[in-house]
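Okay, here we've got a single chain as structure tokens, the form predicted on its own, with questions on binding and movement later.
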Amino acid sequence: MTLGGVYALIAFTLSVALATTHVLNVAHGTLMVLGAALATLLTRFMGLSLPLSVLGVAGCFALMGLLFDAVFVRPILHKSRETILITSIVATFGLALAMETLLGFYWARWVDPEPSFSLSLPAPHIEVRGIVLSTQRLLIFAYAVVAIGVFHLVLKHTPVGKAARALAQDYEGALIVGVNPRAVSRAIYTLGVSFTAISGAFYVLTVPLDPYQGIWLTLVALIVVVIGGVGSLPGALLGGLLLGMIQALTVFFVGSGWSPIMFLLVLFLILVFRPQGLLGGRR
């Protein structure tokens, strides 16, 4: 459930961006790895506490979200959906490769010869009626619940959220009634990139990452989006929990090497039998 909550969150931020701007950000998982790297640097090598490190990650990646929107999204928003999709895939794939290479090279050169990002939280386990619960995993799950709740409130009860839902439902109709897609994309990418990076900081409390796992995490987020349906928050939550439980059970019963195979098998079955996703509507 902990893994599923994180997967749901990163998948939903990717899904909302895809539904509202038609930009497929292949560097999405790499931004999560960068968040984990910055949190590791601030906590393990600079001595900051975890809360301060998370605040630092949030601030830095909110600015990065604004920069990403200005450089990769805004220049292509006026083009056709197909052009936006193809251009964004090519551009962000190159960005992901560049960021992974630079991160791995300079981390090994300046910080640690063996790049690996992981954090630990010195806190006792919690025991409930003989069941021992990990404090770190409970913290991650609480973060995922709070973050998903924030996104739900933003989408349902704020002007930006309503505009984003309007663009996702009917892009041309939303433009006709005066929705500004540039303002919406700026807000979506600022929030999305920031929460994705923070997710990386929490993720490495239990699972270490290396600089070259970003594209795999993007693929995981895409699988969750396909399972749940593009733009659906309940669908992302259901898909993330399902994928997290599949991964945990596969690792426990078979071995970690089988997890990617199970992910792709689930993706194949969903595409064949319900291509709109479990909670997505037909279009």
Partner chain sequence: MRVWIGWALLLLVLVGLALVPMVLTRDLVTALFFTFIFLTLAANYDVLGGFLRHINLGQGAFFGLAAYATAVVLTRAPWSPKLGALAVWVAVGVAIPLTAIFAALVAYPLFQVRGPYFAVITFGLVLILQQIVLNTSRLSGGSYGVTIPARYYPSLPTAYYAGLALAIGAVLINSFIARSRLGIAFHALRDSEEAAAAIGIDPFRHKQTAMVIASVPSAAAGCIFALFMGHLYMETVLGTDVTLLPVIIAMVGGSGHVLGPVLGAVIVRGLDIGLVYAALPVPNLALYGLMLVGIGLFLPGGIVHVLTRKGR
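Numbering follows the first chain given and starts at 1. Model, not experiment: these values are computed from the prediction.
From this point on, the text means the form predicted together with its partner chain, which you will not see here.
K.L.:
Contact check in the predicted bound form: Thr87, Thr101 and Pro275 versus its partner chain, with a cutoff of 4.5 Å between any heavy atoms. Do all three pass?
P.N.:
Every residue of the spot touches its partner chain in the predicted bound form.
K.L.:
Of the listed stretches (53-61, 238-246, 225-233, 40-48), which one has a non-hydrogen atom within 4.5 Å of its partner chain in the predicted bound form?
P.N.:
That would be 225-233.
K.L.:
Of these, Leu77, Leu97, Ala183, Val207, which has a heavy atom no more than 4.5 Å from its partner chain in the predicted bound form?
P.N.:
Exactly one residue meets the criterion: Leu97.
K.L.:
Between the options Ala91, Leu191, Ala163, Ala147, which residue brings a heavy atom to within 4.5 Å of its partner chain in the predicted bound form?
P.N.:
Only one listed residue qualifies here, and that residue is Ala91.
K.L.:
Check Phe72 for me: does it contact its partner chain in the predicted bound form (non-hydrogen atoms, 4.5 angstroms)?
P.N.:
Result yes; Phe72 sits at the interface with its partner chain in the predicted bound form.
K.L.:
Would Glu82 show up as a contact with its partner chain in the predicted bound form if we use heavy atoms at 4.5 Å?
P.N.:
Although its partner chain is absent here, Glu82 would touch it in the predicted bound form, with heavy atoms inside 4.5 Å.
K.L.:
Determine the residues of 247-263 with a heavy atom within 4.5 Å of its partner chain in the predicted bound form and present them in sequence order; the list may be empty.
P.N.:
Sequence-ordered list: Gly257, Trp258, Pro260, Ile261.
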